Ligand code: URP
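First, one chain by itself: the form predicted on its own, in structure tokens.
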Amino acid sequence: MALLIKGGRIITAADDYHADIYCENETITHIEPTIDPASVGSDVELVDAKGRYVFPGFIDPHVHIHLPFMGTNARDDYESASKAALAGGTTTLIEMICPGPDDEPMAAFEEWFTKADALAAVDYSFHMSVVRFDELARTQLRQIVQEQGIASFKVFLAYKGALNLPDSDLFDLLSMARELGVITTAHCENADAIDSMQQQLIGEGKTGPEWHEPSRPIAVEAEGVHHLCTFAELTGAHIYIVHTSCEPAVKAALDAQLRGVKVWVECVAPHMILDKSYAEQGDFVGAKYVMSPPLREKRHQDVLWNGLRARTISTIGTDHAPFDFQGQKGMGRDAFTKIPNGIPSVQERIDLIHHFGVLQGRIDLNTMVDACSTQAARLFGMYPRKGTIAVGSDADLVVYNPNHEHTLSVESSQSKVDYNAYEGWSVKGRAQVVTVRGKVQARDGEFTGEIGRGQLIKRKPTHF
């Protein structure tokens, strides 16, 4: 069935205008000031977008769905994560594949892909985490890029003994990424420094979630950014700093840009909306807000919003990592180091950014689209198929009601996790109709579509 969206205000990263959009065979085929429904036949679904924004489908460039972590596994699967994403207007996810240090990369890719293939109701791709770099891994990583269309790596400068690479391997990986045209995404901290500080704090009896942030302070994050940027400068690799949380880390990346380093910066919704006082709440409630890098002092939020407004920060993701408060976060009651990290936000991201960003004058609508969709598509090899509204682009569209007031809660969440980090918050703005390649998949915060409709988006390397 074809799709006609009439009377909406179309917002892209650069444009703002009123027009009708006609979609056929999963793509946008016509954009005209007015399209008469009678002129396009009878087998057409009509969506009235008068008084609504029409956005390109939003892209979350940083999510965890299948995530073995600290002896447990994240609660969502692709069905629940897709439903949550769609309820919030997100139509494409890029998930981190996170194998263990003994796992073969190709086996990990197959594991993650198999879990997505049957259940995804959104389109999806992956960042391939590199936690080993022997000859077998090198060969398989090349195959994953060239045969499976996974055009981005992920490295960790954290989690000593589990996920971090030694510097010699990091240098060689970045050199290979440059050769292949692959962009390398990176969690930037310092694994050794964090390990030492955590051992010291635990030894002093400082075991609660409020000590998570002091164990990995802003200096550690900034040093990690500087360290990776130095390696990128030496190798010519293109890099992307994930979940940048604080002023010194942002400045380290911008300083590197001025030296010619090809580095882009991501921030995530929790760091922009929540501050470290949430993780300092008593009765272990603070464990709900443990993520890495940690929530910071509120003053750092202005740096993130200002960087977005200036478009020196490129993207807004979530680092969605859903672990239950009961039974999973509780693993760390005796030591904050055992609390599974993550603040689930894939459903709430767009409404939070609209409410606290656009409505409060921190960013405009074009910047919101750029940071929440277009830049991710450009950086990760999906543009203009994704990330914009144009003839020939996928018909991933969000009809958005900017005046709809609703309350965020665990009851209204499509995620399987047992809490909502933004419980009871009233926000203004919600996706009214969400389409994936021309098919309506969600209406008014509820899933109405087809499980398994999502496709793996194979991407070509572009960062040579």
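All residue numbers are counted from 1 along the displayed sequence. Being a predicted model, the structure only gives us computed values, none of them experimental.
Another form, the form predicted in complex with this ligand, is not on view; read the next lines as being about it.
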(request) Using heavy atoms only and a 4.5 Å cut-off, determine which of Leu352, Cys246, Ala321, Ala253 is in contact with this ligand in the predicted bound form. (result) Ala321
(message) So this ligand isn't shown here. In the predicted bound form, which residue out of Phe380, Tyr78, Trp112, Phe156 has a non-hydrogen atom within 4.5 Å of it?
(response) Phe156
(message) Within 4.5 angstroms, counting heavy atoms, which one of the listed stretches 123-131, 352-360, 284-292, 175-183 is next to this ligand in the predicted bound form?
(response) 284-292
(request) With heavy atoms only and a cut-off of 4.5 Å, decide whether Gly342 touches this ligand in the predicted bound form. (result) yes
(message) I'd like to check something about Lys83: if you look in the predicted bound form, is any of its heavy atoms closer than or equal to 4.5 Å to a heavy atom of this ligand?
(response) no
(message) With the partner left out here, check for me: in the predicted bound form, does some heavy atom of Phe69 sit within 4.5 Å of this ligand?
(response) yes
(message) Test of understanding: in the predicted bound form, would Lys386 fall inside 4.5 Å of this ligand by heavy atoms?
(response) no
(request) Within 4.5 Å of this ligand in the predicted bound form, which residues of 50-64 have a heavy atom? Give them in sequence order, or say none. (result) His62, His64
